[in-house]
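The data below hold one chain only, encoded as structure tokens and taken in the form predicted on its own.
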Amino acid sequence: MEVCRSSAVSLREFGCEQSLLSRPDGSASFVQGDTSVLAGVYGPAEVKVSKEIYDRATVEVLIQPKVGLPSVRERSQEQCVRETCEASLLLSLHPRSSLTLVLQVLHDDGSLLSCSLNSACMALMDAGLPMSCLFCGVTCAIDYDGKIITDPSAAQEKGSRALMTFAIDSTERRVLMSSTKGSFSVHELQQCIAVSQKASEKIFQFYRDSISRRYSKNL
């Protein structure tokens, strides 16, 4: 497993491992601190007629919690991940087919949605699917003193008045998706976007280092 310690932006230690599972077309696990998510990608495959789209592939995302059945929280996160994947994948190359992304939560210690996004991107890369850009997830919390905390733990999330997660693309650092909760000003939102864009540079560098190490070992 590749491990990265970030210094400039305060992110927890994170790591990943690809091609863990044999059944999916691509798989990856991603760890941020004590938060861990395992992702598997299936497809392009045959799609049900009711879900078929004539000019592009259909993307389906399923998030399985560590225990119990999926709830409203998982359904909301599924929509966020699906919208991000649809924005980055070249779906028009696979019309009338389906892509299924299954995310299994192994442990949740905060910043779960951003960890799910990072795990999803690594799994899509492992599957070799065509993408216009890579993406990563960054979570920011604002405490009651107005301090911005990047990649917060579960305890830090509980002690915050606002929580935001952004999906950032790798080419222009654009925001592909945002999920917000709590009360905050427009200025604080802009600050969190800027911090997330800066933090994304560390994550994308980790992507590059991880992939280059993997294929240099294979060669």
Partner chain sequence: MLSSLKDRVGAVLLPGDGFSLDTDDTISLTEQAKPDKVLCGPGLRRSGARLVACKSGVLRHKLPNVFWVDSQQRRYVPAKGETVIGIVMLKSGDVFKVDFGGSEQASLSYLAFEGSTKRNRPNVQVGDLVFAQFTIANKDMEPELVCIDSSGRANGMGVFGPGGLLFRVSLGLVRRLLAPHSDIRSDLDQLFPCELVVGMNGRVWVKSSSIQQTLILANLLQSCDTMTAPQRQELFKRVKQGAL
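Numbering follows the first chain given and starts at 1. None of the values given here were measured: they were computed from a predicted structure.
Note that the form predicted in complex with its partner chain isn't included here; everything after this is about it.
- None of Val102, Ile149, Val105, Ala127 but one reaches within 4.5 angstroms of its partner chain in the model of the complex through a heavy atom, and that residue is Ala127.
- In the model of the complex, none of the heavy atoms of Lys198 sits within 4.5 Å of a heavy atom of its partner chain.
- Interface residue remark: Thr171 is counted as part of the site for its partner chain in the model of the complex, having a heavy atom within 4.5 Å.
- For the chain shown alone, Ser10 is not a contact residue for its partner chain in the model of the complex, no non-hydrogen atom being within 4.5 angstroms.
- Although the partner is absent here, Pro44 is a contact residue: one of its heavy atoms lies within 4.5 angstroms of its partner chain in the model of the complex.
- Stretch-level contact analysis of 31-39, 59-67, 163-171, 149-157 against its partner chain in the model of the complex, using heavy atoms and a 4.5 Å limit, identifies 163-171.
- Contacts to its partner chain in the model of the complex (heavy atom within 4.5 Å) from stretch 87-108: Leu90, Ser92, Leu93, His94, Pro95, Arg96, Ser97.
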